[in-house]
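Before any questions on how it binds or moves, here is one chain, the form predicted on its own, in structure tokens.
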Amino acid sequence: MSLVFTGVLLGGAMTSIAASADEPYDVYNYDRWGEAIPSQAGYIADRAVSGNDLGVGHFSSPADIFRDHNDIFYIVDSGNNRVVAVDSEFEKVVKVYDEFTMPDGSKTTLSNPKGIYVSEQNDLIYIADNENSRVLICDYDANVVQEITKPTSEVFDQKRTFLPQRVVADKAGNVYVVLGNITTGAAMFNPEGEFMGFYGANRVEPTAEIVGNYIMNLFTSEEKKARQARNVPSGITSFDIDGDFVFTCTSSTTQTTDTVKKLNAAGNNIFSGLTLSFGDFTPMYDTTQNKVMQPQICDIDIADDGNINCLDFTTGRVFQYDEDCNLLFIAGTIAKQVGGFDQVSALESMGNNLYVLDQQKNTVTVFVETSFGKIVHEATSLYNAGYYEEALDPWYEVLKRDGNYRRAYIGVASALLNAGDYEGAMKYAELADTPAIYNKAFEGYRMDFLKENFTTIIVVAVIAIAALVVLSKQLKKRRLAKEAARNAEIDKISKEKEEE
């Protein structure tokens, strides 16, 4: 499949992008105008690991990958109905989970598992066992401690099959399950496995048709409303949990609202008030199918440093953002070489590395951090921790290496703003096209100007007021003199008429 930028075809925005010698794709980022521009790589592909490399035979349509708190990776090998646990170096298999012991001593196996999560709080493994219509919860020795199946609650549509796709658990032991045929959010269960309702539903995309239908419904009878087709939101595709927040993504090609969400305990989206874009700014054009292909964020990972990694199914690319959703790096593509993919399914991170699962190549590709990526991540970590001034030198070094790197301009502007260099902050904020920082810097600059020139401003104001008073008096005298002269002239004319 040949994927090229629509911007290239329409405007030649990327004609100057040079291919990286280390990657089978062009390395790029976006400038303040949203144009794709050449950039240095933050990650390069180191190697691709197969099941054969690990000594457990071919993977078959692997669907998910997860790293636990002990740095053990769990690969959901869907086609082989197993989970393969691998060490942190991806060199040795720790355990293969293909048979489990139920509480009554009987044995059970998986059927097309789709997702996995390992809890740091209770050391339990949660498996979305799709075709068995259950979530299996077991210990490290494959002893099942709990099984979550289809709820009997009236809130859950009993006509729908229970098809778990992804699963996570929070610190309190509550379990969240993405269901492949449910669009009302993730099914939420308490630690005892009791259904508590749905969590984090996406909003309906406010298209012109939907808005028009809403207005028409204001004047439509209830009978006609009942016969109309309902607009439903896109379902959650995958999620990750970070502290008290659950991050979700959707791979819908028709939805731009709620593509990526950050949900608090109440299910409210922290990103809802922000104008954000995930994936390529310009949709991709597939020359083989002659159609525009929208980003499809099929998986999300929150790294240890708080960065947000999003995996785009359409392009096979990883888009990495900082905590404020500023784009840091783009890696990967659709290609046959190492660093390229046929069909991505999941991603994970550990330290400075990224791990991307390909369900057609049946491999895990390991991306390692470059020297440029290291400097950017150092600066970003300092910035996110509130050490703006300490991040200044790394940001300057980033700009030395890549003068078009927008995130560095934002970092420098923030650091200068925090240091009280408002003129410098205004300059870099303008280069980064960040009105919020620019406005704060301008307010500080204006306040400093008033403080430094307060005496002069007062003196000038007093002189101006005095001048206005004197001028007003002079104008008043002139006006009175003119009125007196005019009155005298009128009196003279009146006397002359009387004498005649």
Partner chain sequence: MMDLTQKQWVKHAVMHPFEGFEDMRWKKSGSLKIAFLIVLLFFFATIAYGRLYGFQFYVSYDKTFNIIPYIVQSIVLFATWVVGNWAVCTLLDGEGSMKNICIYSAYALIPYIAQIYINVILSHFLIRDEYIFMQAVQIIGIGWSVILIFSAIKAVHQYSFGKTVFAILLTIVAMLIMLFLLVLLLSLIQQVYVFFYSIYTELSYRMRV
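Numbering follows the first chain given and starts at 1. For clarity, every value in this text was computed on a predicted model and none was experimentally measured.
One more form of this protein, predicted together with its partner chain, exists but is not displayed; see below.
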Task: Close approach of Tyr28 to its partner chain in the model of the complex, 4.5 Å, heavy atom - done: no
Open item on the list: Does any part of Gly57 reach within 4.5 Å of its partner chain in the model of the complex? Heavy atoms only, please.
Closed with: no
Open item on the list: Please tell me whether any heavy atom belonging to Trp33 falls inside 4.5 Å of a heavy atom of its partner chain, as the geometry stands in the model of the complex.
Closed with: yes
Open item on the list: Does any part of Glu430 reach within 4.5 Å of its partner chain in the model of the complex? Heavy atoms only, please.
Closed with: yes
Open item on the list: Heavy atoms within 4.5 Å of its partner chain in the model of the complex: which stretch in 38-46, 452-460, 468-476, 439-447 meets that?
Closed with: 439-447
- [ ] Any residue of 307-341 with a heavy atom within 4.5 Å of its partner chain in the model of the complex counts; write them all down in order.
- [x] none
